[in-house]
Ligand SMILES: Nc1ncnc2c1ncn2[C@@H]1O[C@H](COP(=O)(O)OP(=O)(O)OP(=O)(O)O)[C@@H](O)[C@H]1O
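Before any questions on binding or motion, here is one chain by itself as structure tokens, the form predicted alone.
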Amino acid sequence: MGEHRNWPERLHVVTGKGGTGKTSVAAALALGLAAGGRRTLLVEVEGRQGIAQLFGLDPLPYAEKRIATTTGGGEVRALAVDPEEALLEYLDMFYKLGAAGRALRKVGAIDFATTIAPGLRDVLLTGKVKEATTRSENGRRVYDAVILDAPPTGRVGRFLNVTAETARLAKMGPIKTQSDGVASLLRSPMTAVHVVTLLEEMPVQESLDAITDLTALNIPVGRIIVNGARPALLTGGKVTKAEVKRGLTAAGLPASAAAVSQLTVQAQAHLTRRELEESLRIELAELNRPMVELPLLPDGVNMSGLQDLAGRLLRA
């Protein structure tokens, strides 16, 4: 089926400050892009098993496992990349270690390798993502799109900047070749990093900082996704007790002094929050990047909610 018209990239990296719902957004995007007979791969790299929890599954193995089907025969597969397994796979691929590579695990060589060279861990993780994105069988791409639930905004620049990290590890050989290939993909039009935020000061500031970092690294930034957006319940800048009392009376509700006072405080707090949200929305809009807003899901994040978010993302 190929690429989606509104989301033409093949690798969608989803980042955001912890608590913004980036895993839910990544999952919704994977569902949406699989519609119509496509196949997508949803990848996580932090060992949190967030995808399994979201879909109510047992912890995912280090294997590409189907976790959902969509309209038109589409499917979403998921992969939790384990750094140790990725290193063993890498050693076997390039050095044909086989059983000897597996024996390394028993003597702690894996921990040793990734501790003395922390950049190696990220190269292995991003290398696996790159391999899945570019993999073909019988002349056709295995996945129409790969969606990476990436580390949070505070760490995503370093995580994706694999060439700088591996330059300290190797000047030549398979590690350098692999990292150069990853760096090339991440800086190409095939990739977009989407930044998920809430309309709150800290997530917005981290989003702005991450976009600045990614731009400096020449890594393409895709969309700003405002998650958990709430509808405006009131308009105007101020609510008076007289207005609240009139409203209660018109609705046939008791308008005691206590009720009027409490509702006035709550209404004013809502308007104050809306004012802050609007100023943050303007700050994000000034980046002149595509923005999409997703609503707060009233029933929490379940399959129905994810499908709702998927539809909204694809129409954006």
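For every residue, the number given is its place in the sequence shown, counted from 1. Note that the structure is predicted; figures quoted are calculated from it, not measured.
Unshown form predicted together with the named molecule; subsequent notes refer to it.
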{"property": "Distance check, residue 296 to the named molecule in the predicted bound form, heavy atom within 4.5 Å", "result": "yes"}
{"property": "Partner proximity in the predicted bound form: residue 292 to the named molecule, non-hydrogen atom cutoff 4.5 Å", "result": "no"}
{"property": "Contact label in the predicted bound form: residue 22 to the named molecule, heavy atom within 4.5 Å", "result": "yes"}
{"property": "Partner proximity in the predicted bound form: residue 66 to the named molecule, non-hydrogen atom cutoff 4.5 Å", "result": "no"}
{"property": "Triplet 43, 130 and 189 all within 4.5 Å of the named molecule in the predicted bound form via a heavy atom", "result": "no"}
{"property": "227, 179, 207, 161 - the one with a heavy atom within 4.5 Å of the named molecule in the predicted bound form", "result": "227"}
{"property": "Options 56-64, 251-259, 283-291, 22-30; stretch whose heavy atom lies within 4.5 Å of the named molecule in the predicted bound form", "result": "22-30"}
